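In the form predicted on its own, a lone chain appears below as structure tokens.
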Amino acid sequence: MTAIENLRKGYRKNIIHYLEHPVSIAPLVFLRIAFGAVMFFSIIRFILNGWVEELYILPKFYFPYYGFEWVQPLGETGMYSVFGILGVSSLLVMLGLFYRVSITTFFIIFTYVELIDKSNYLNHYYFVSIISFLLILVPAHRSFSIDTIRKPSLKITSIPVWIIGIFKLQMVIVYLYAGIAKLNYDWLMEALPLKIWLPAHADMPVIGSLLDELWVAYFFSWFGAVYDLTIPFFLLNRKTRSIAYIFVIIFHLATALFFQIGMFPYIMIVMTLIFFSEGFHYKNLSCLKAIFKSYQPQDDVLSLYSIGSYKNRILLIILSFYFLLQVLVPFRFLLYPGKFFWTEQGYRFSWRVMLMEKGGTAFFYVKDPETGKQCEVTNCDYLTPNQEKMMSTQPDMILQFAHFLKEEYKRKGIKDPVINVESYVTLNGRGSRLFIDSNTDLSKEEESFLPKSWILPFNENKPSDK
């Protein structure tokens, strides 16, 4: 065996030794309980606010993701049942009861709901789906759970470090990519869109007058970028972790105060606790000790989760492929021409959070090629206000609506309707510009991952078209 081969073997042995090093299961258990509790509260809030009806029952048309056109809502009874199951499964995850079934059910149904209509896309919905997927793969129920009361032999006190590590890695990716996304001219040099958004809160007590100051928008822009790019490293360092977490709380509570972004700030505050020590998590779980203390844990952890076992090698291959996608998918925008925020090709699933102020209007026209007659579509006859708002600035949704109109007007007697759109969009306050080539018959264009040639280029110096 050569020296190089010995060196490689030594590195491999050291890596495996590190990944299999046993650590307390407490952080994983705390994550399970906190995630289940936040999701249970979120689902109840979603139902009570009437959003099930508003988003999944009332719309006449939905915008499914490319390749998932077969995903459709289930009607009023079906959708309320779906959210009921989500609520129950999140509660069971929190309690650790029938954990594998509960977390798998939650992941499948939650992801199904999000695939119904991409006009409802939010980064934190995507985040919930991937965290619930990762929770399927780990033994988060093997301590402080009802499953260990039902079957005491399940209980363990430690797990290999790689099980905790995958959640830390996921959090690092989220923060770093959010920071990298902020390294653009508008965010850093123009303080956009914050200098548009912050003055809208100038009537807030105490700090309202400051929000109208330009320097405040620049401060928040630069602070946001530096925060996202550095916070994971401060959280990974034991000496700076507590101070860093104070900044986590301040940062996310501030975003919750100024912007309506749902549960995302609170989810991030809770999830970031995964970086804390086992002592911290045991202290938080101490109120549950009396329930579980009488059961003797298993000690043979490495035989259960050793990387050398066939089952766990397959699991690590799955995780390696998963994290490769997490690293590469946000960069897919480089495959598309044009100004990224303008075309939004490759925008979703890339941890770009609140980076632009974009608004638009879209006027659809249907022409009968046999008679030459043309009529304008009343969008609100088919779309909810939120759907129309989101569709007007996103090319793939404009195309989907055009195809829907094609089929709709076929049913009305037009054999081969021509669908054109006159769409005007404003990006970060730069004035409204023509967005889509109005001469293109969108009924003839097909959706794909290829660049959309009918999106007009963004001209920085072009005056307003409308």
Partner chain sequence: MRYKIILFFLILFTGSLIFVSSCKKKNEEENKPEFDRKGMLTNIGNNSIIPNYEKLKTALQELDTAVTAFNASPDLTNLSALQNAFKEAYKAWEINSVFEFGPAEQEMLRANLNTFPAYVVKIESNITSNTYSFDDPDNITTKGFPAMDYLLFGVGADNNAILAKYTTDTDAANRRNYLQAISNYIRGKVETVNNAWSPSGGNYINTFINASGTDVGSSLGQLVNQLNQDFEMMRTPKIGIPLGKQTLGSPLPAKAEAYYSGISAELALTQLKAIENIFLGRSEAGVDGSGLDDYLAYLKAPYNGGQLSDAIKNQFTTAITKLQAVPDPLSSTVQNNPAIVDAAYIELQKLLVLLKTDMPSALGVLITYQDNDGD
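Numbering follows the first chain given and starts at 1. Since the structure is predicted, the reported quantities are computational estimates derived from the model, not experimental observations.
From this point on, the text means the form predicted together with the partner chain, which you will not see here.
* Per-stretch contact check against the partner chain in the predicted complex, the hit in 397 to 405, 61 to 69, 429 to 437, 27 to 35 (non-hydrogen atom, 4.5 angstroms) -> Stretch with heavy atoms near the partner: 429 to 437.
Do heavy atoms from each of V327, F449 and N459 fall within 4.5 Å of the partner chain in the predicted complex?
No, the whole trio is out of contact, none within 4.5 Å by any heavy atom.
Considering only heavy atoms, tell me if K168 and the partner chain come within 4.5 Å of each other in the predicted complex.
Although the partner chain is absent here, K168 would stay clear of it in the predicted complex, with no heavy atoms inside 4.5 Å.
- Query: So, in the predicted complex, is W51 in contact with the partner chain at a 4.5 angstroms heavy atom limit?
  - Reply: Contact with the partner chain, yes.
Might G279 be said to contact the partner chain in the predicted complex, defining contact as any heavy atom within 4.5 Å? Outside the cut-off, so no.
message = I'd like to know if K389 sits close to the partner chain in the predicted complex, meaning any non-hydrogen atom pair within 4.5 angstroms.
response = Contact check for K389: yes, within 4.5 Å of the partner chain in the predicted complex.
Counting any non-hydrogen atom inside 4.5 Å, which residue from V88, L335, I136, L122 sits next to the partner chain in the predicted complex?
None of the other options qualify; the answer is L122.
One residue of P199, G84, P152, G75 in contact with the partner chain, assessed in the predicted complex (non-hydrogen atom, 4.5 angstroms): The residue from P199, G84, P152, G75 that makes the contact is P199.
Pick out the residues of 259 to 273 whose heavy atoms come within 4.5 Å of the partner chain in the predicted complex. Counting only heavy atoms within 4.5 Å of the partner chain in the predicted complex, the contacting residues of 259 to 273 are Q260, I261, G262, M263.
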